[in-house]
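Next up, structure tokens for two forms of one chain, structure 1 and then structure 2.
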Structure 1
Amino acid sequence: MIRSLPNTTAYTITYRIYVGLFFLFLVIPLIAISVLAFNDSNYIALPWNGFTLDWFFSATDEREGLFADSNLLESINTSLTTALIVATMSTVIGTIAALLFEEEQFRLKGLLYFLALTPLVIPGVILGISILLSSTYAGNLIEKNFGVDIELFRPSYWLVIFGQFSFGATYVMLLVAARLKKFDRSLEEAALSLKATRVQAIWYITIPFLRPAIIGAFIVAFLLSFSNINTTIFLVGSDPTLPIDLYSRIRFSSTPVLNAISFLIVLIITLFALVNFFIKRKSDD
């Protein structure tokens, strides 16, 4: 059953086949889209017509490759900047929240902590419509009273950022708090005893200790933002993020350029995961 207990061969082989099938199930859609990104065909389907890089580089009317498609490049750019801003905001606020809930005592702490956790269990769609409703309400109120139309309150770039940040901060908080639980409180007390103020103690001692978790949380928040669609779809304005752009293309006008961009995402994530894997392995040795 486990490493140290003997098993029948049939059991071992069946088990291995099962796990093998599971991983096949896991990678097959990624392989399928990647392969079709290089198929010399105008349709996203087999048969294999030979290898081409048209869906990346071609700039003809018939085949507009990924790097010639200004709309697509634009939405990639939007997604990247959005994800950077969201990750930064989430990391700052999420870390502050982790410090607050792990280190301070105050009234209503339990309630606030509960609220901070709720984005874990609120479906992203609901977060999206709630923020859409309330920001529209606020926008209308301001317009009626002051006669100004603030773009932030309409579906827009910044509304997407706030929507994604609203749950990103929760994930950062949990990741940072997990490391903070391992923090030796006497280090902070030592800093206080050495005449640091509390803010200095946090800045010079606690934050450096948390650095690995903070970096990890930043990456998680970035990826959450980059791939989000459930919340974004309700808040997006005139500049779509990449997932929104791809979504409308899948629904209305699929070409293999979708495979090209998907392949790029898979490639980058895989490379990133491999680098992470080898760094980890090295530090373990």
Structure 2
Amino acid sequence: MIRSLPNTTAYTITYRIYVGLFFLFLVIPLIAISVLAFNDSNYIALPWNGFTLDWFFSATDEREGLFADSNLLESINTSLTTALIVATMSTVIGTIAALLFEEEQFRLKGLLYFLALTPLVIPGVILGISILLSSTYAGNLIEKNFGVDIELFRPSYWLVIFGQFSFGATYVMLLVAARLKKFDRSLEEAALSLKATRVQAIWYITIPFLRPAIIGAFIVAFLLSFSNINTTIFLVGSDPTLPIDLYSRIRFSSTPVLNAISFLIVLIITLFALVNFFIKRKSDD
């Protein structure tokens, strides 16, 4: 809707109904799964049988809650540590890439930029399969010729990190580059004219300007890593991440503990989204 143009009453009502229905479509499943996390029932869906916290704290044979399930807690810890490592690596490399592509002129820049965007174009399933096949071939080649078994080249914790980093860094690069386009280059030039080195100008002038975008990009990379399944499922070893663990559980059995962990994920993502929103809002003011 363009506010500066006159609109009929019917158009305004239709527009508001559409927006309301759109957000209801997005929010209702999240509300439903959050409410059912407290349902006093042994089944994952309705009917509602009353309020309970058993699916969070119970430790009986009949009901094993989220915080009593050691395997589930281990998968949560794996996802958190993986997401933290991936987000940190992606933020550092992605920020450096954004600075290089936006500030420097070098040969094959267009081709390299296109290659940097390929993880976003290629489906996650294809990306996971290609990384698995490439790493397996490289690992077999090294083991055959040198007799060395390198864990990174077979499905493992570190291969998951490498696979998620391959697309996480691209997201960071794009988010930081968007902020960098608003940067006033004369500030760097002033610092250079005052005998600052190139590195000093970037560290003391450019990076503080990019800080809101860097923090936001870190949060995005963290959430992408934490919730990824289509790439991770081909690279995971004996330490499953939370999405992989949930997928394997729901294939064979399902209890409301899945609702409980889903509720916590929704809560965590909402908090991260709010932090990112307020950081972006503060940077725009």
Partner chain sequence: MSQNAKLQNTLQTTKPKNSFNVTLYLLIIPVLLWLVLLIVLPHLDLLVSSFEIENDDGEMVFSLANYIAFFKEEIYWLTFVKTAAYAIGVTALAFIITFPVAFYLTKVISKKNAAFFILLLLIPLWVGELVTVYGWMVLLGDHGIINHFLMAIGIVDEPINMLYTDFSMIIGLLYMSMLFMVVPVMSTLESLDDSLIEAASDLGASKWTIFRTIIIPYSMPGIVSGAIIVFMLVIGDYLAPNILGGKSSLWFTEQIYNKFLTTFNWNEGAAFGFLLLMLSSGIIWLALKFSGQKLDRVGS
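We call the rigid core whatever largest set of C-alpha positions still superposes within 1.5 Å between the two forms. For numbering, take structure 1's sequence and count from 1. Since this is a predicted model, take the numbers as computed values, not measurements.
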query = Do you think the form predicted on its own is shown as structure 1, or as structure 2?
reply = 2
query = Treating the chain as two rigid parts, how many degrees does the smaller one rotate relative to the bigger one between structure 1 and structure 2?
reply = 14
note = Phe277: Cα shift between structure 1 and structure 2 after core superposition, Å, came to 5.5
query = Can you give the C-alpha shift of Gly20 between structure 1 and structure 2 in Å, rounded to one decimal, after superposing the rigid core?
reply = 3.0
